[in-house]
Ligand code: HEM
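Read the single chain below, which is given as structure tokens and is the form predicted alone.
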């Protein structure tokens, strides 16, 4: 048995997982780690085993359970914060199905012209601004924020409010009391917003949910506010970070960038590879074992916490040849950057389309785009639960 590692582990290179991941995956793919609160949990690091855990009902997503492995010391979610990502079957299915229709490929394709318009407007702003410009402020964050705000019917004028509070939620070092206050502020905001829609529900996601849930006799403002909170936070923070990281990844691998500028038909493949390569939400797929289960030859007992390490799985040489290379022609859509199983990311179709439109448009309109600072000097989010960049200075 190797020494118990402290978790989370820090990335020492922006383009590579923590160095211990490869060692764990090779020598002891199901092993113990110590969490910030002092408790131990299992980590699962091989691709096959990660998918097993995420698709097995013996591993619960119920974050309210007192034994659930917590990565944020001193922070517990109260029962009124239950959303689909914290539910198990049979409760999870109906909760997910209620909003699944809002994220179909067909509905996302209907949004394509508006997303293209937003991307062009933000690139116009970048080109009209100072050089160097900050891609995070000008493009990466506004694009998904504008899109999710329009989908939900949230005034974009309020984006500073929810982005400020979201930043506190994803930063690991935010004190529990401050984190609690941020959650309550956004939930109260969302509840008030929904209350204003109830008398005459508009044709936006929240308005349609009000109508649908009333017809079913299951409408509860607090429950819809929790769903709205989840979609608002997840809908902008993850994609924003992938836009920034993907841009850096392509600029640092010009031969890969040349493939998509020569043939935009390859951009969706590039998106999949960039998602695998960076895996920005690594350990959000924590689970609690609720029935003894064997994974990778290791018995995990009921009551023990498990972290399914997506980044380790996505760099597993048993699943991906030369996994540490960025290869947009890899064609490997079996990555777990969006999770796996019943809790797989609801908004993945939207994220893929946003990323495709951004990369195609950005490099077509600014073919001489380049970093305005060395990669080693860029402010990567090493202290956050969702990896990314605080700023990305670019010039052209």
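Numbering follows the first chain given and starts at 1. Computed from a predicted model, the values in this text were never measured in an experiment.
What comes next is about the form predicted together with protoporphyrin IX containing FE, which is not displayed.
Item checked: Contact assignment for protoporphyrin IX containing FE in the model of the complex, among 270, 143, 242, 307, heavy atom within 4.5 Å -> If I apply the 4.5 Å criterion carefully, the residue I get is 242.
Next item on the list: Work out which of 351, 369, 328, 33 lies within 4.5 Å of protoporphyrin IX containing FE in the model of the complex, going by heavy atoms.
Entry: Answer to the contact question: 351.
Margin query: To test your reading of this chain, name the stretch in 114-122, 171-179, 296-304, 96-104 whose heavy atoms come within 4.5 Å of protoporphyrin IX containing FE in the model of the complex.
Written below: Looking at the other structure, the answer is 96-104.
Next item on the list: Report yes if all three of 247, 274 and 375 come within 4.5 Å of protoporphyrin IX containing FE in the model of the complex by some heavy atom, otherwise no.
Entry: Not a single listed residue reaches protoporphyrin IX containing FE in the model of the complex, so no.
Check: Just to confirm, residue 46 within 4.5 Å of protoporphyrin IX containing FE in the model of the complex by heavy atoms?
Finding: No, residue 46 is distant from the partner.
Check: So in the model of the complex, does any heavy atom of residue 235 sit within 4.5 Å of protoporphyrin IX containing FE?
Finding: Because a heavy atom of residue 235 falls inside 4.5 Å of protoporphyrin IX containing FE in the model of the complex, the answer is yes.
Notebook entry, point to check: With a 4.5 Å heavy atom cut-off, would you call residue 92 a contact of protoporphyrin IX containing FE in the model of the complex?
Noted result: Because a heavy atom of residue 92 falls inside 4.5 Å of protoporphyrin IX containing FE in the model of the complex, the answer is yes.
Checklist line | Interface membership of residue 148, protoporphyrin IX containing FE in the model of the complex, 4.5 Å heavy atom rule | finding: Result yes; residue 148 sits at the interface with protoporphyrin IX containing FE in the model of the complex.
Item checked: Residues of stretch 255-285 in contact with protoporphyrin IX containing FE in the model of the complex (4.5 Å, non-hydrogen atom) -> Heavy-atom contacts to protoporphyrin IX containing FE in the model of the complex: 275, 280, 281, 284, 285.
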